[in-house]
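Before any questions on how it binds or moves, here is one chain, the form predicted alone, in structure tokens.
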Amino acid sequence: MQLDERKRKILQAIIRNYLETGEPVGSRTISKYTDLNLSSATIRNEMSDLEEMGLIVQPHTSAGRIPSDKGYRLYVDTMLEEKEREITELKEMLLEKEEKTEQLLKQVAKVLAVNTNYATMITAPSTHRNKLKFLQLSRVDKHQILAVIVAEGNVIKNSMIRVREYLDDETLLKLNILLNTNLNGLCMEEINLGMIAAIKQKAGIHSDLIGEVLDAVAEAIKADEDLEIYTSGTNNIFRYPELADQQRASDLITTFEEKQLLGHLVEQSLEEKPETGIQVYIGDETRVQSMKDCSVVTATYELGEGMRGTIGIIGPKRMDYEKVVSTLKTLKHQLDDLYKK
């Protein structure tokens, strides 16, 4: 049996709500949980059509609808099949190492929201305390030096530096040895003023060049400042009465839309679990004021050599912690393995 998108979503919402509550489902309830932005009257008309098709029934004259056996069968055969296809597509994207990072992460957030019925977020991988791996100075011409800087995560930055006088091969070799001996394996926080002064002193008449090279190194290995965050399932907030009153829901939705406050949650997760563990925040344990009535579960995934991101699931305090933690662990390992295969 083929249903159009509107009827399919309404039937899906009826079945999910009935499975959750055991109570007949009315049009006003459905209007909160679908993304169709339909009026209650329009939803009632669609529900009438679904009833004529034998997919839902009305147990009492003034009650809402419940799924029929036929409706359950369609749900099992078709709608769960769609969810499986989504998960399969995600796994294929992970295995194929597609470079469409944004598309992949948005899909991850969407699948998490569908599978948990909570709000979800995921950050793009970024560098934290990135370290210098290697530095090479090469002569381009009489007045230009190319500085090639390789940082963790195989991030490569090139910087052209003008010089006043010609530098021969022996001088460049000595400067390369000086810089790599003192800087390799260090992150920006570890390159202090005393170290810089000592390197400049050893460079002698080439101290100005060393200063410009160190500026280029600082730019290459600084931590990423612009955090990209993808979210999904915000409307799932309305599923839980303790979060669905107007003020709480409005504050939470604003947090997800503006995303700035989510950055504080990411910072807290990375500070408290700097490696790649699972962290659970209940109520006041989170720094985000609008989430004081929620529980938040986060995991940090690793894409190799300093490239990390955070996955988060936000729901009521009565969330299914066992399912959420298990789901996050599985997904975290899939993302960890993405660059290792």
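Computed from a predicted structure; not experimentally measured. Residue numbers here begin at 1 and follow the sequence given.
The next section is about a form of this same protein that is not shown, the form predicted together with the DNA.
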- Among the candidates Val297, Val288, Leu50, Leu38, the residue which, in the predicted bound form, approaches the DNA to within 4.5 Å (heavy atoms): Leu38
- Message: Test of understanding: in the predicted bound form, would Ala63 fall inside 4.5 Å of the DNA by heavy atoms?
- Response: yes
- Does any heavy atom of Lys70 come within 4.5 Å of a heavy atom of the DNA in the predicted bound form? no
- Task: Using a 4.5 Å heavy atom cut-off, state whether Arg6 contacts the DNA in the predicted bound form.
- Result: yes
- Answer with yes or no whether Gln279 is in contact with the DNA in the predicted bound form, where contact means some heavy atom within 4.5 Å. no
